[in-house]
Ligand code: IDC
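As structure tokens, one chain now follows by itself in the form predicted on its own.
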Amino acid sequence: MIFQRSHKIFKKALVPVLLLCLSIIISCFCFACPSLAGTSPYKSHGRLLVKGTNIVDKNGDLTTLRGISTHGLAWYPQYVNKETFRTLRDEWNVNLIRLAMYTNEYGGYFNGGKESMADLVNKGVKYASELGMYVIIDWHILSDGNPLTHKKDAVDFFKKMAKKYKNNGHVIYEICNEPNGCSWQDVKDYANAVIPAIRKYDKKAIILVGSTTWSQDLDKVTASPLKYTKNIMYTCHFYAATHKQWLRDRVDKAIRSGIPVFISEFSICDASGNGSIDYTEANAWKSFIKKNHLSFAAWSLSNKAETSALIKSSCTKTSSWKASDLSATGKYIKKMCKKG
């Protein structure tokens, strides 16, 4: 009888201990998985808007986006998957994915890829949104330098995307990646057609506009900005070994003139995406970005055999990368994102 009573007392005492242990395990699991804990980027910040030269969140608090850009979706579609994005969110502290949809290049939107490219973009938006991340739909012009070349198609594309995602606060539109071989007036004429097409359906999303000379001519933007101002930002692209203090000075002048700037593509090598890493200039840009609260997206999420690829060419994994899987650029960018 004494043994039975003791056994009952022991069982009663054990129950709350087990419940406490279970609670601790669940808490730890949620902490490791922000989406389960309700602390995903979008859960915390909601729909973003441009205020002055900065991005602010639903509470009016200053917010910066730490992003990774895919390489061409046609060439590296394997990285458009939920586990890839989850790894970047949970292990790299990334809150933004940029979906680089080439237009004129092989396999791109105008080279037999209209349906497949739109499908990949939609999948990317879906995965990023489910993970509470922000996502850029990037009309990635390059060899078709003048955005007016495909203006009608761009209007149609963005009209469809805006209609589809008008209620999705995760989405940002980048309407012309790197205009080149054209005038700033050409870009303005293009933007004056595409922006209203987006705004017809999506009144609130942030829209990113590139400038001439591969999105480096912010001096021309400063001298003659678009008539549209609400939730409009202008992009700057840099490759640290090529674009140095002169471009930082140009960005600084634009910001001081009231121009909102977004670094929607960059790397720490030269402008070819290859060559050696310039750590001195990379660190100078990193300090400049932090000082000015600039949002950014690093190039590129791929295992291409070039310096700017974040994953080693020998690595075929698409998520849960170890340090040994990352290129030197990948290690630098991961550290940069983790520090915020």
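Quick note: we count residues from 1 along the sequence shown, nothing fancier. What you see is a predicted model; the values in this text were computed from it and never measured.
Form predicted in complex with this ligand: not shown, discussed below.
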> Which one, 55-63, 40-48, 298-306, 275-283, holds residues whose non-hydrogen atoms are within 4.5 Å of this ligand in the model of the complex?
Replying inline: 298-306
> Which residue, Asp252, Asp90, Glu178, Asp186, has a heavy atom that falls within 4.5 Å of this ligand in the model of the complex?
Replying inline: Glu178
> What is the one choice in Cys182, Leu247, Leu142, Leu226 with a heavy atom within 4.5 Å of this ligand in the model of the complex?
Replying inline: Leu142
>> Counting heavy atoms only and using a 4.5 Å cut-off, do Glu83, Leu120 and Lys317 all touch this ligand in the model of the complex?
In response: no
> Would Ile289 count as a contact of this ligand in the model of the complex, using a 4.5 angstroms cut-off between non-hydrogen atoms?
Replying inline: no
> So in the model of the complex, does any heavy atom of Tyr239 sit within 4.5 Å of this ligand?
Replying inline: yes
> For Phe110, is any heavy atom within 4.5 Å of this ligand in the model of the complex, or not?
Replying inline: no
> How about Tyr201: is it within 4.5 Å of this ligand in the model of the complex, going by heavy atoms?
Replying inline: no
> Are there residues in 66-94 with a heavy atom within 4.5 Å of this ligand in the model of the complex, and which are they, in order?
Replying inline: His71, Trp75
